[in-house]
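One chain comes next, on its own, written as structure tokens: the form predicted alone.
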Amino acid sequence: MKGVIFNVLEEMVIEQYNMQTWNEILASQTAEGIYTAGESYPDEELFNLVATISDKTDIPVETLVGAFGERLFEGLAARNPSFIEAEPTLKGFLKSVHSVIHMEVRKLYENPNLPDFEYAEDADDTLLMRYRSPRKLCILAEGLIRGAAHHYDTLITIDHPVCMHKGAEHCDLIVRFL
């Protein structure tokens, strides 16, 4: 996992709680806790941090990961505004994630280990995003989509009828634009 992800998690904890809370969370970890944006760190470090934050705040892990996804969108958009500015609509932005944004991320970071997305459209108001990743962070992807919807001031619903956590080989995230 790239350090930028840890940086945004730190920002979220400090904004919602304080620096002392973040330092207490770090103190309970075996990892060093200093994250450079472009460096890679073991996924387990992020998962352990999320579990510790969940325990400390009494926020269920799934809820926390979804909220982090929303905050992560803000953090990544602030760091890379050109990705957002290139697409005038939420649907256009979401459809650009795999072919445009992930391609640009690969130019910025060595071995970013990004999820794969495939897309299908049944109607103008619906977009199927098929998610695949060995990390199984589909709830984070949902949060990122909600964060993008907020940025684009677009009302959506997300259905998640197929999920890797229920034995499927991929997740289907069905985004409806209201």
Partner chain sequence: MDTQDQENAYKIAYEREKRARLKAEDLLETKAREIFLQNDQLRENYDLLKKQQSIILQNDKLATIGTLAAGMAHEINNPLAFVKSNIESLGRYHESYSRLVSFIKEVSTHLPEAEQNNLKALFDEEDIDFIQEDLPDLMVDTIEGLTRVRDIVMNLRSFARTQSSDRCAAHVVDGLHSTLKLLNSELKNAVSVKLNLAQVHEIYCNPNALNQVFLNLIINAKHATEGRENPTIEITSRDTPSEVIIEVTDNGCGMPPEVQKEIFSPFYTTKPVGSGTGMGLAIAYGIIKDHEGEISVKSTEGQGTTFTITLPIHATKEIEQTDN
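The structure presented is a predicted model; accordingly, all values stated were derived computationally and were not measured. Numbering follows the first chain given and starts at 1.
Below: the form predicted in complex with the partner chain, not depicted.
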Identify whether the partner chain in the predicted bound form is within 4.5 Å of every residue in the set Leu72, Asp122 and Ile156, based on non-hydrogen atoms. no
Which one, Thr36, Asn113, Thr57, Gln29, lies within 4.5 Å of the partner chain in the predicted bound form by heavy atoms? Thr36
Residue-level contact is defined here as any heavy atom of the residue lying within 4.5 Å of the partner chain in the predicted bound form; does Ala86 satisfy this criterion? no
Even though the partner isn't displayed, in the predicted bound form is Val100 close enough to the partner chain, meaning a heavy atom within 4.5 Å? no
Taking any heavy atom pair closer than or equal to 4.5 Å as contact, tell me whether Tyr109 reaches the partner chain in the predicted bound form. yes
Report yes if any heavy atom of Ile14 sits within 4.5 Å of a heavy atom of the partner chain in the predicted bound form; otherwise report no. yes
Across 1-20, the residues having a non-hydrogen atom within 4.5 Å of the partner chain in the predicted bound form turn out to be Asn7, Glu10, Glu11, Ile14, Met19
